[in-house]
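Next up: just one chain, as structure tokens, the form predicted on its own.
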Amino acid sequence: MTTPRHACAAAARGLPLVLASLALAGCASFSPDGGFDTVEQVAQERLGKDVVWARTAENQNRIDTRVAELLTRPLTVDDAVQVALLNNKGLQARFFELGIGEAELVQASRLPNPGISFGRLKRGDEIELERGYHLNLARLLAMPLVRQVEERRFAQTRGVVTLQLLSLASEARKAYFNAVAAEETVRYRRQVQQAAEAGAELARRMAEVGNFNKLQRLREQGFYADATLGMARAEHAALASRERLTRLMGLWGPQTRFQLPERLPDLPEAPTDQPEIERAALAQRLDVQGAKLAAEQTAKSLGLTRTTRFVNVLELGRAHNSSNEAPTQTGWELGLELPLFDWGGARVARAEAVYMQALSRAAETAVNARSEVREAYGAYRSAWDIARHHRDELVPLRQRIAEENVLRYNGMLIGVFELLAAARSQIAGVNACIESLRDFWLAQADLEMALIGKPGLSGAALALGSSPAAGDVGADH
């Protein structure tokens, strides 16, 4: 009969196997930065901005201090992007995906836990105790390949997080230009409304003394009503654009009283010429690199599946049997499931289909990248041409017309209503110029994003399509 002392001695003989496993497992550990250095490096090189992962209270204090410092002055576009990269909680949540990915990588790098089995059998007076130590040999053999797969998956996670960081920077940049342009538009819309109000009041008084007919008075009142409606819409657009910028920067409470400059940056003297823009995009875009990485990862997964299709249930273990009527038996056990019904063909076929799917998606990403960067560059050039036309042609032309009307009014050749109409038309022209300048900066932000990642071209397209609305007041009148 086996005594407790005998059992302890048998377990002690299997201890070296367990200790060896634990020693090897201890080699896999977490990195100090959790894979954040790649994201930080991209933010520095491509944006010139700092990013901090708020994993500790000290890091959060650094973020709060820097954000408070930036908000003490009127925000530039670079300040707005910097605040968004530091303070956006959604981006911080993305950073923690790095921690999850690294944990999975470390888990894949550690040896599987050994197992212990114990059995007690009785036959008459004979009692047989069975003890076994086993290790998942299939997982042990496949561990190098699994680690490679997890490394590539972790690298893919870093790429996705980096791309989201760049996307947030682009969105913050566009939201900033939209907010500044909207507030500038409100100021000019207010001038239009004031001019319309003065015209309506003058028309009312002249109609009361019989110097103005009813139709002329109604026209002035109708224009004042339209100007008031346009003012309300402009104020709502300014509020919405400012709130979007606030959300992207992750601000709340007193922080929402941040200051914006009164006007947009000036239009560059010449657009940037980029003849090799497609080649540059394919070399730099992170989504293209991510698609290639995904294809490589699935290729590794396919190789792993082919390798382990027969050894999936292979187990190696140590056996130790003792009986009260026979000498103790010791040895090794090897277990293998016979592949009589499932040769792993279905799993291999699935892995091959996934691999071909990844290849097709990589090709689609490359084709889309070429098209998107061409579209972004075309929008950029068109926006620059339109903004320059407004700045150099339309605005000076309306200015000269307004000056001529003032001279005619002083010479009593035109009346006060014609002079007010000319002033409103000139203000509407300035509004159109502001919107064209905003469209250019939006298009430039889209182009910069298209060179490094998937752009949000809708912003530039909508902006280009909204320009004619700027001159509706003056044109209708």
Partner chain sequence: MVSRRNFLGRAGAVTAAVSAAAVSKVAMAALPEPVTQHSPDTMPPLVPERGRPYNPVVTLNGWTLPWRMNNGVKEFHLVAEPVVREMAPGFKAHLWGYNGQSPGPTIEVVEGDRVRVFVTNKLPEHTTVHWHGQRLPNGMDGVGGLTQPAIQPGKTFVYEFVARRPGTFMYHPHADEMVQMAMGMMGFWITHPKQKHPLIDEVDRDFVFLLNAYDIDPGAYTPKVMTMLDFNLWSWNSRVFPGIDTLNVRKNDKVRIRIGNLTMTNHPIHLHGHEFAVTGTDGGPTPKGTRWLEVTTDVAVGQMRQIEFRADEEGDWAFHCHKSHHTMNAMGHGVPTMIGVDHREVVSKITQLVPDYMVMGERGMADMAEMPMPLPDNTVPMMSGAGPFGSVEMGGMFTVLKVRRDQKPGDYGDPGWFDHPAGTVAYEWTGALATPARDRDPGRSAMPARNRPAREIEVQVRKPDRHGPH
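Basically, rigid core = biggest C-alpha set you can superpose within 1.5 Å across the two forms. Numbering follows the first chain given and starts at 1. This structure is a prediction, so every number in the text was calculated from the model and none was measured.
One more form of this protein should be noted, the form predicted in complex with its partner chain, which is absent from this view; the next part is about it.
Note on the interface: of 157-165, 196-204, 103-111, 385-393, the segment with non-hydrogen atoms within 4.5 angstroms of its partner chain in the model of the complex is 196-204.
Judged against its partner chain in the model of the complex with a 4.5 angstroms heavy atom cut-off, the residues V406, I414 and I427 are in contact without exception. With the partner omitted here, the residue from N211, S360, T272, T72 that has a non-hydrogen atom within 4.5 angstroms of its partner chain in the model of the complex is N211. Checked against its partner chain in the model of the complex, the candidates L451, I434, V51, A423 yield a single residue with a heavy atom inside 4.5 Å, and that residue is A423.
Proximity of Q191 to its partner chain in the model of the complex falls within the 4.5 Å heavy atom cutoff.
Its partner chain in the model of the complex comes within 4.5 Å of a heavy atom belonging to N410. Comparing the forms between the shown form and the other one on their rigid core, the Cα displacement of Q216 reaches 2 Å or more.
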